[in-house]
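Only one chain is given next, in structure tokens, and it is the form predicted alone.
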Amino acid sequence: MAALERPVTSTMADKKQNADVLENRDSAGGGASGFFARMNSRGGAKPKNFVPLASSKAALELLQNFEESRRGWFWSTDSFGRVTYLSEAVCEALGQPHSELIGSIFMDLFGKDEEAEDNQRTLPFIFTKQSKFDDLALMAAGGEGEIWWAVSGRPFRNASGEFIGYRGSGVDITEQRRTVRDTSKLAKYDALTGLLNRYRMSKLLETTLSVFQTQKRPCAIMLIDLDRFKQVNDTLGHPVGDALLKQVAERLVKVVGDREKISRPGGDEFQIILQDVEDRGALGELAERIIKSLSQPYSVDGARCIIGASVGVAVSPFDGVTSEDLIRNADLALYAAKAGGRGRFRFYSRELLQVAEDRRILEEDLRDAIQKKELWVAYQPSVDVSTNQVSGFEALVRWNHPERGPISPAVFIPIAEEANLVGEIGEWVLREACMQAAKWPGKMIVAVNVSPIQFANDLLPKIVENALAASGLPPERLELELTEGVFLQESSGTDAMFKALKDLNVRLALDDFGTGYSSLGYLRTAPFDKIKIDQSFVRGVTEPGSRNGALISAIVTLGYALDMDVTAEGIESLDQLEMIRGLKVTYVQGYVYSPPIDNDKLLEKFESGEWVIEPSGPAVHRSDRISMFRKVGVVHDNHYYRVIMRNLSLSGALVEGILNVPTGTRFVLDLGDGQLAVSSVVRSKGHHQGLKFETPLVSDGNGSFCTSRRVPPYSLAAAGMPLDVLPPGYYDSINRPPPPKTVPQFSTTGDWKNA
């Protein structure tokens, strides 16, 4: 449109001309003629001395009074859409002078808003068509924020039928609009955190899975449960708990990067939907970042809170194709993560259904284990690295199940925590360790772990005192190992507990330093005698480019500056030991010296009065290998062989069951659930083959390994994978050609049938 001249400022004459606007509001009850018509149609005799006003003058007065009431406003344009009249109330609301708005383009008064985009595209269309419109919702940016108006207008023509512009009115509907928006938001978003609510996430997941199943695209779901949140709620109150949940939500948004992917179904649970993501390496890294972020300390109304998080992960179509299946399986994975010690993640696997049932049975058996004398205490030596002489022991509880044999502490300790058995078991270990240590020769120290649950028990000092008195063990020979979880909520009660324990003259050690909620403030205020460096720092200390050595050195310097002993845990190889010695660590625990032993063997070693251990083990630390006895499959050419997997690491595996396989042979190792690892035979002897993976595995969040990616079941079926090794339900409709008839290159021992 060509440049336009600005019309003159409107006058009362313009108001007279625009009084006709009222005549177009009859249907809405706003027009002057409509007003008089209603007054005259009410029936009955006119009041005495009733004198009607001239209609034009009355209309002008009513127009002016209505504008001044701020209940509505009027406008008009010329044929080019330029404003020729605008009520003063609108100018004030927009925060612009009346003189500036007269002559401007009417449509430009309304800003861009996501919810109003459709209407803003409609208004130009209406003006182009010169059509009438009623109560069109339009948004403008006012001086005090967003304003919404319901705008109506009528095109006007001169005597010759030529279009001369628009005349209309508007009403402020900002409050109504906000109410509607808030109601709509409540239907989609959690009122506390602003994240998606359960209903909205459910619909999003259902829609995504429906579309993705047709397109054969993956979708991951993460379930997050806050650890120890209930304790915050119970001790600091629900307002603090609510404020904490808001901070958790903001941290999740920061890590994930998209608020519309995160929901809070309720309580302290959160969900994340990740479309087109199936890489379990990436999912595991994201889960670890979430856990690390949510485990950092919070400050709420002056209170310092520390919580944690556990994460369960399921991925469609591998772990389910419906939202119900996927959520259920992610929940099973979450339950397994919490059962595994909290503060960790787990991927769903089909074994979890059986694991859940086994866990229920183990919990029942564990309740009777103490009375049935199934628990016993093993002792891990702590060795002075300068002399290789044993200086003390850490007491570790063990469970010898009458039917299942030894049960790993990684399995039964989380069960004990969830079943509220930690206090009872911990007290038994303390009494037993004191009783046995009292009979050791010399002045050997015995270290006993104290859980945060035990530390929170006001009776702990009395329990320790009774154990010392009953056993006769001198208090300076007892060392209580505490993790940073005891600082869950720093308070005067925490300081009082430390004082009460030190008044007994026992030693205190800070265990697993550097892995949880480390703060120099702990070391400044808590009376620790020792720092124990967690084995996660030791594990990668010899790897090229690792910064763990620098971190260990800093911890050692800090410990000695505070007059504390320093112990490194988990030393397994000679190169690790040499590195730790070079970093000036004083004491070491680990298999390079000795595994945990029972009390009888300990006493045998001390027959001469002291025990010096020469370190032994692999010269160089290698990737963690997990021993197992598990059925798996290997694919070679068009044939599927059943074998037994003896061990597994990030880089390879040892399998047995195939005879006379030359080195260099390429296999595809089928680990189940669509996990296919391309590998080469690097060692072969008889029916044993050592495999090296083409692509390293990733952590499964439970101390084992899994493939980063999985092959969808329908792709496996289409490729001819035997039906009995496929999960059910994905390949019924797939038409695939029969596999070619070829002779297997290798023969099998058949040992897998008895596994």
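The model shown is predicted, which means the values in this text are computed figures rather than measured ones. Start at 1 and count along the sequence shown; that's the residue number.
The discussion below concerns the form predicted in complex with a small molecule, not included here.
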> Just one of 313-321, 268-276, 586-594, 156-164 has heavy atoms within 4.5 Å of the small molecule in the predicted complex; which?
Replying inline: 586-594
> Does the small molecule come within 4.5 Å of any heavy atom of Glu146 in the predicted complex?
Replying inline: no
> Heavy atom to heavy atom, is Val429 within 4.5 Å of the small molecule in the predicted complex?
Replying inline: yes
> Should Gln454 be classed as touching the small molecule in the predicted complex when contacts are defined as heavy atoms within 4.5 Å?
Replying inline: yes
> Just to confirm, Asp511 within 4.5 Å of the small molecule in the predicted complex by heavy atoms?
Replying inline: yes
>> Looking at Asn466, Thr494, Thr235, Asn449 here, can you tell me which has any non-hydrogen atom within 4.5 angstroms of the small molecule in the predicted complex?
In response: Asn449
>> Quick check on this chain: which one of Ile571, Ala333, Val634, Ala287 has a heavy atom within 4.5 Å of the small molecule in the predicted complex?
In response: Ile571
